[in-house]
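For reference, the chain that follows is the form predicted alone, supplied as structure tokens.
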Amino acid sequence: MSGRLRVGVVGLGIGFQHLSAFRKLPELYELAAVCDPIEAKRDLAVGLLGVERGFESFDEMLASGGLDVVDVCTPPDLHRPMVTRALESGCHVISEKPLSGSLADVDAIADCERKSERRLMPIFQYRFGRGIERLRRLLEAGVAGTPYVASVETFWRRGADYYAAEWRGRYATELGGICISHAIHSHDLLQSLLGPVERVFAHVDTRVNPIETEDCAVATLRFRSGALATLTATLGSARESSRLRLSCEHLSAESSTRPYQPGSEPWTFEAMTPKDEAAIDAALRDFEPGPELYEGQFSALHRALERGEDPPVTVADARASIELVTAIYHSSRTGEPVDLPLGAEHPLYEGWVPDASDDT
């Protein structure tokens, strides 16, 4: 597939951020359609952003035809049905996080993607930051050496105004709390750098807001490589920040503390020795940064589709993210460590939402 791709965006909350990114790539994408139940949002997208058509009904938008890509930006409980219907309609699909609320759903979505012969790209836009791309290059080139330990901090603030949207803070619609809706991005960054997680031990709690879902979490991870990591997340921080730190054989790396762009610059790299510093400089000498965040991810998707390659973020990546969330919830409920990978025999394979699990 080549040329400009006609995209339809469903869900005009975070969907407006996606539209803004698509508008920055006019040589790659056409803003063909939006879908949202609120007329004023549709009118704004059409009138201000130049989208061709607005639809109240998702089915109507799909039936209108002429779309190459459907971008799903709805509340999480709608992701699986909309993603599968869009794939079955013959469109490539982009889906906001979380892709679903269970490993069973992710596996069913993966099967649907295979049968459709289309491509599905989950959104993890933090991967497309210049700082994290520099670190990934150092790790992949062997310059960093063996990863030892890492830490991820997600210190954000959410209160009553945020939860005024009635789908938030409820298992039935948001599918979970800070682990699935907020810290999931930074946790994905760590997994994208260090690979498969082998063991998880976690605690989650609801300490900040009067909601069903968790708003505080801590976890320890052991990766298959032997690397160890800690995750800390809260929605009750007076000062919002996000931070990743890694200590490796030949260097230490640390992000900035900007809350919503932990993959972007500035990142700092400190070498163990002058020889290591020279190796870092050499590995990064020809580094050419591309566009970041949504713009970077959408650019990479177009390039992959044009070449007939897998998307830059795959369903397998989303499964690893959902697997980690499943392990965190299970460990927090049982008080026991959880070994990965998780298959269909796991008690929470069908989901962690209390009325859909065995409450273990």
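In this text, residue numbers run from 1 along the sequence as written. What you are looking at is a predicted structure, and each value in this text was computed from that prediction instead of being measured.
The same protein has a further form, the form predicted together with a small molecule, not shown here; the description that follows concerns it.
Heavy atoms within 4.5 Å of the small molecule in the predicted complex map, among the stretches 75 to 83, 249 to 257, 273 to 281, 136 to 144, onto 75 to 83 alone. Although the partner is absent from this view, Ile328 stays clear of the small molecule in the predicted complex, with no non-hydrogen atom inside 4.5 angstroms. Contact annotation: Arg170 falls outside 4.5 Å of the small molecule in the predicted complex, judged by heavy atom distances.
Among heavy atoms of Pro98, some come within 4.5 Å of the small molecule in the predicted complex.
Contact between Ile94 and the small molecule in the predicted complex is not found at the 4.5 Å heavy atom cutoff. Checked against the small molecule in the predicted complex, the residues Pro337, Pro341, Pro347, Gly13 give one hit for a heavy atom within 4.5 Å, which is Gly13.
A heavy atom within 4.5 Å of the small molecule in the predicted complex is found for exactly one of His302, Arg333, Lys41, Arg319: Lys41. For the marked spot (Val152, Arg245 and Phe298), a heavy atom within 4.5 Å of the small molecule in the predicted complex is absent from each of the three residues.
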